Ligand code: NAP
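Presented below, as C-alpha cells, is a lone chain in the form predicted on its own.
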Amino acid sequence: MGLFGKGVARICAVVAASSAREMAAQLRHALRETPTVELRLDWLAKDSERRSFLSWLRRNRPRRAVLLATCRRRQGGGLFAGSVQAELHWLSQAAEAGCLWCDLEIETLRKLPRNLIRHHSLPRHILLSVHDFRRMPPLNPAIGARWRDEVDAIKLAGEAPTIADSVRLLRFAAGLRDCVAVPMGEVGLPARLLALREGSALAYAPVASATAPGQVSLQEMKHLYRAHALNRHTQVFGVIGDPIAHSLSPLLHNTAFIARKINAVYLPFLVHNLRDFLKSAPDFGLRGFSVTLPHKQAILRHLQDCDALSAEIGAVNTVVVRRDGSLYGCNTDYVGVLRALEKKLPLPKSRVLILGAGGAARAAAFALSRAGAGVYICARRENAARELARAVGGEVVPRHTLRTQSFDAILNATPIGMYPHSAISPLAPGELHCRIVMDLIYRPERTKLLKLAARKRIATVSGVEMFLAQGIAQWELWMKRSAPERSMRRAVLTALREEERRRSSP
C-alpha cells in the first residue's frame, strides 16, 4: 500500500472545530483511538484561531502521530475564505508544527505553476484531493496525471447517488496505487465502511461534527463497524430501507457479532430502488439482509423462494442469500409481535385493533389471527385495509368510529411518531379505549402514542420488545447459533435512553 501502508493506521480521525481550544480537545480524543489524524484548519473561525491552534501544536507535538493538515478553500468545498497563497501559508505553518502530510484540492493545484509545488515549504507528503459534492466525478485513469510526479497520493471523493456508483468508485480506486476512495452521501455509506477492505488507503471518520455527507463517527467506525479489521473473510449483512438513518439494527447485530467474536459486519443500506440494490449486492458479498419500510412487500417479487408463512403474509423482513446467490425470504416480525404481546395479554378471543396495512401490519395481523385473536384493521388505504382484513378473517374499522369502540389492545403498525418526528401520535387520547397499547416503533422507546396511553393509565408495550425479538430471530437464522440476547438488549436500551437523555437536557 505504499506510503500509507507502512505503520500508518488506516482509520483517519477528522478533527474539525471553530476554536483552537476545541480543536486541541478533539485531537487529544482522536489520538486515543488512532494515530492518523486530519486537521481541518479551514473549520477554524478565523486566522487568530488557526495561529493559536498551530502554536499549541508546536508546543504539544504528539509522538508517533501521523498528522494531515487540510485548509480547504470554498472553491474546493471547504470553509476557508482566503486565497491560494493564504492556504499555502497555513499549510506551511502546519508543516512547522509537525504535520507530515497535507491535503491540496485539485482546484488549488490548478492555480499553481507546474513543477513548483515543492518550492513551497509544505508538509513532506502531499495528498491530491478531487471532490464532487453533487455527483460521482469522472473516473478516468488519467485523473491527477498532470501532478503525479509532485504528489504522493490521490483522494477521490464523490456523491454516490446509487449503490452501483459507490461500488464503481471502490473498484476504480483499487486499481490505483496510494489512492483514497470516499463514496459520499448516505447511499454511499456501506461502501465507505468497506473501503479499507476494498483497497482504499484511508477511511475518514469525524471525532465530532461530520465534515462530509454520509460520515459515521470515529467511535462507530472503529468499535461498532470495525472498519479497520474487515477483510475478505468477513461475512457481510445489512438492512435495507428508505429512510434508514434511524435504524438501530446495525447496533443490534454488530453488538452480537462482537460478543460472539464472529468475523462479520452489518451495514445500513439506504435503498431508493430495489433493482439497483440487488444488482450491486453481490459486489458487497452480502450473506443476508433485513428489510424494512417501504420494501417488505416489494421484495417478494425479487426472491427465488420464501417460507410458506411469508408468502401467506405477503411481506418479508429477512432475506438469506444462498451459496448460489439466490434469495430466500422469511418473516420474523411475526415472532416479534407474538413474543411482545403474549407477556401482557391472553391472545385467544381478545380484540386487537391494528393501525396500518403495510408489511409490519400484515405480519402482526397474521400472528394475532393464528393466536386466536379477533383482528380489526384501521388504515388510511381502504383497499389495503379490506384486503388484509379479508386475508386474516378480520374486520375493517373506519377511523371515525374509534371514539365509540373498545378493544383489548391497540397496535400501531404505521411509521407515524417515528424519530425524528416523535412529537406526533397516530391516534388522539379520545380514540384510545383499550387495556393495552403497543407501538411497533422503537425509536424513541416511549413514543408520543405510548405517553398518551400512559396518561390514561393504559398499559403500554414498547416497540423495542418486538424489535429485539425479531432481530434476535434474524441473527439466529443467519448464524445458526444462539444469539447473545443480554448484550443485544443492553446495547439497544442504552442507546435509546442516552438519546432520550440528550433530547430532554436543556
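Numbers for residues come from their place in the sequence shown, where the first is 1. Take the two forms, superpose them, and find the largest set of C-alpha atoms that agree within 1.5 Å; that set is the rigid core. Quantities reported herein were computed from a predicted structural model and do not represent experimental measurements.
Only in words, not in the display: the form predicted in complex with this ligand, which the text now covers.
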query: Among 30 to 38, 459 to 467, 49 to 57, 474 to 482, the region lying within 4.5 Å of this ligand in the predicted complex by heavy atom distance; finding: 459 to 467
query: Interface membership of A413, this ligand in the predicted complex, 4.5 Å heavy atom rule; finding: yes
query: Contact flag, R381 vs this ligand in the predicted complex, heavy atom cut 4.5 Å; finding: yes
query: In the predicted complex, G314 touching this ligand (heavy atom, 4.5 Å); finding: no
query: 4.5 Å heavy atom contact, L450 and this ligand in the predicted complex; finding: no
query: The unique member of L67, L44, V437, I441 whose heavy atoms fall within 4.5 Å of this ligand in the predicted complex; finding: I441
query: The unique member of A181, V352, A360, C99 whose heavy atoms fall within 4.5 Å of this ligand in the predicted complex; finding: A360
query: Non-hydrogen atom within 4.5 angstroms of this ligand in the predicted complex for each of A13, E105 and K155; finding: no
query: Within 4.5 Å of this ligand in the predicted complex: residues from 287 to 317 (heavy atom criterion); finding: L293, K296
query: Rigid-core frame, C-alpha of D152, shift of 2 angstroms or more between the shown form and the other one; finding: no
query: I472: Cα shift of 2 Å or greater between the shown form and the other one (core-aligned); finding: no
